[in-house]
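Below you will find one chain, with nothing else, as structure tokens; this is the form predicted on its own, and questions on how it binds or moves follow later.
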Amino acid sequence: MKAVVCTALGEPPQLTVMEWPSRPPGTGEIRVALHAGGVNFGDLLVTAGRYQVKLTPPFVLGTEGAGVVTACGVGVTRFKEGDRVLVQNNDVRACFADEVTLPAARAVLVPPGIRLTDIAGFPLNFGTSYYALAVRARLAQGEVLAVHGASGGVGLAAVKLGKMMGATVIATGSDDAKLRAVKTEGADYVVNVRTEPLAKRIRELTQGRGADVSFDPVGGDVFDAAMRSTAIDGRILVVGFAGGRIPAAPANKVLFGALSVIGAPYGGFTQRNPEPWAELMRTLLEQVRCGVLKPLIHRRFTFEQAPEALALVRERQVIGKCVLMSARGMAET
């Protein structure tokens, strides 16, 4: 099979499209003919050797994708050949390929009427955001949600999910053009962190209260601003540190602001809780089927264009998600 292989770690990494051995499914596994895979910031961390799970080259890149089951191993009862599935393969990855063999617990059925190439980049962004908002923060209808880093894949998913859940959404970022796109996707208000005082502006938009929930995949100065702009009894979601600096939460501000600082480790959740993860995905996919959620595809690439796709992610030029298409995926579109 054809695959995008990382042959040497680095920034940028050395990537080669080559023939890679196919593997029959073992006990509890399925083999999936992939139509497309989602491109993520985490792919850059993996290929730079800076991700928590270290992979030694050569390895096939790509954490998520969508395709059709072609074989089932012993003990697999949930799927059969021909089923359309969404996959998330956190540890081994290997989704930038014509096919992937993985545990059946890392896949979920795709409802009819959804194109596989439209949701290949769905599990990580929407899964992360929904786990954070619904499971960890318990965002309620009528609350105010501040989404930082809102033009990134995870941030934009949080904007869309926040609106779906009935919140007023304040989206923040550093690029006016991207923020205009985020507003088009559903944000009620946008704040440019480069030209406006972030904490002050959120306070102004909430009549001095602050946000009930602050969603932070950025860290650094943005987290510091979230500490100053989250309402009393509010929740600050720690989702990641895309800004580079890992911040610290002053205990006195947590105490006197009655703040809850909540970690949202989605990767660990999916590994420890395969059944709740599958149910979470089914809930979200039903919203896609009904047209309530519409994933935004920034651009579609071939396997040979993987370096270009990763460069766009590295340069923060993506709004929504880039996907890599197999020959099957190209035929689907």
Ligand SMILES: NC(=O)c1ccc[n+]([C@@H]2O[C@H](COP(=O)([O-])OP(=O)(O)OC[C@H]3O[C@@H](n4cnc5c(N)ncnc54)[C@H](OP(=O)(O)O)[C@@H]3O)[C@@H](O)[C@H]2O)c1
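Predicted model only: the values in this text are computed from it and were never measured. Residue numbers run from 1 along the displayed sequence.
There is another form of the same protein, the form predicted together with the named molecule; it is not shown, and what comes next is about it.
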| query | finding |
| --- | --- |
| Residue among 139, 218, 110, 119 with a heavy atom within 4.5 Å of the named molecule in the predicted bound form | 218 |
| Answer option from 161, 87, 154, 170, heavy atom within 4.5 Å of the named molecule in the predicted bound form | 154 |
| Location of the named molecule contact in the predicted bound form, chosen stretch of 298-306, 54-62, 24-32, 266-274 [non-hydrogen atom, 4.5 Å] | 266-274 |
| is_contact(residue 210, the named molecule) in the predicted bound form, heavy atom dist at most 4.5 Å | no |
| Contact test in the predicted bound form: residue 175 vs the named molecule, heavy atoms, 4.5 Å | yes |
| Contact label in the predicted bound form: residue 189 to the named molecule, heavy atom within 4.5 Å | no |
| 4.5 Å heavy atom contact, residue 79 and the named molecule in the predicted bound form | no |
| Heavy atom contacts to the named molecule in the predicted bound form at 4.5 Å, residues of 102-130 in sequence order | 124, 125, 128 |
